[in-house]
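Only one chain is included here, represented as structure tokens and corresponding to the form predicted on its own.
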Amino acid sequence: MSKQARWWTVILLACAVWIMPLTAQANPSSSSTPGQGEPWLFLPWDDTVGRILGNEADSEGPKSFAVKPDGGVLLLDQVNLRVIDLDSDGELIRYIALPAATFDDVEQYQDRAVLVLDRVVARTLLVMDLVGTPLAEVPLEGRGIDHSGLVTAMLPRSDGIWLEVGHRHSVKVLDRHLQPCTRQIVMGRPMEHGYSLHGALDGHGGVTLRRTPQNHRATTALTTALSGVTLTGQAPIRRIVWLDEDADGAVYAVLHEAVFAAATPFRVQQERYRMVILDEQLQELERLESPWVLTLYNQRVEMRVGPDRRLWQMAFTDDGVLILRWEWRTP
């Protein structure tokens, strides 16, 4: 089959899967619009990306991906001990070799370094240049991180690299020069301009979001102005898939909605990802929906906020890995 024919097959498959989950759902609310997911690239299993079909062990696919400033993608193909570096057209630039198969997260920093995280075995954060030469390595455990397995996100910021711990607080482990630094701890996820972003399930099927100053000496008036908001969906929200903001301060919350059967074995009856975009005051701008949800393949990062102010998603199909970009109407 030609490359063009394979591409159209993937698009038709995406459309079919999009239609099927929604035909049985209630009509979307007026504040929710169908997602405009654009297939960007399809990577077939085994030919291009590795996978492990587990019997006693978990099945495993690419654990993570990152979006580069130029619109290209880094994909963590840890099964094949490499990071796949793709340009903005989805063409291969290079393979970056990894020293082990236990890395489970990848990021980039200002298009000058690649960062890979090993939470379980080496328990380190490895920094490499764009061709894979090691630049620095820092142990995860230390002040603010008692156990490396509790690291829940890797967050590049203008002042360096932060690691979120237990979805509760974040620890700065590398400075802007990508060198180990005195560890700084803030509550929530650090954002630019001195703010932190907090998200948590509220116990009633919703999610609460708050933005607060990182500097707790900030004025009461400012703290009040950055009050929280509660997000709900058409079904109970079971998990926060991703939470971040773009360069303009817009907040992106990706939420996993699911309804389970009332009787054993309590199978999922409905599920979707609801993507909510809010402004810097947490006023809602738009909602999108994705039918592509977590599969049996073990996956660490499914969504990213790209420099193009789009949400990017790495989804798994029976045939391979599908990278999508989600459009939304900017104000």
Partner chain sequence: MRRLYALLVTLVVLGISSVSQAAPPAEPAEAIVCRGTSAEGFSYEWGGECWCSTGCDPDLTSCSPGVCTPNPGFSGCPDCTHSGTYGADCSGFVSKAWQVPDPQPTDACDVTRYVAASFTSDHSYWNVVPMTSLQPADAVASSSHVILVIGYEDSYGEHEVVEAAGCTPGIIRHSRTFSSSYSGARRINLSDCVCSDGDQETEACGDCGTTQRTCENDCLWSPWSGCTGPDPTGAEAACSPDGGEGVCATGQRLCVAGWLTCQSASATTEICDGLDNDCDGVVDNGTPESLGEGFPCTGNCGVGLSECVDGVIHCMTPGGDTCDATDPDDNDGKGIGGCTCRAQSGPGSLPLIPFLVLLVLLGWRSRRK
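Residue numbers count along the first chain shown, from 1. The model shown is predicted, which means the values in this text are computed figures rather than measured ones.
There is also a form predicted together with its partner chain; it is not shown, and the following applies to it.
The stretch that touches its partner chain in the model of the complex, counting heavy atoms within 4.5 Å, is 257 to 265, out of 129 to 137, 257 to 265, 90 to 98, 108 to 116.
Although the partner is absent here, residue 157 sits far enough away that none of its heavy atoms falls within 4.5 Å of its partner chain in the model of the complex.
Shown alone here, residue 149 lies within 4.5 Å of its partner chain in the model of the complex, counting heavy atoms only. Among residues of the shown chain, residue 167 is one whose heavy atoms approach its partner chain to within 4.5 Å in the model of the complex. Within 4.5 Å of some heavy atom of its partner chain in the model of the complex lies at least one heavy atom of residue 182. For the options 144, 228, 249, 205, the one in contact with its partner chain in the model of the complex, meaning a heavy atom within 4.5 Å, is 144.
The three marked residues, 64, 71 and 313, fail to reach its partner chain in the model of the complex, with no heavy atom of any inside 4.5 Å. Applying a 4.5 Å heavy atom cutoff to its partner chain in the model of the complex picks out 79 as the lone residue from 70 to 98.
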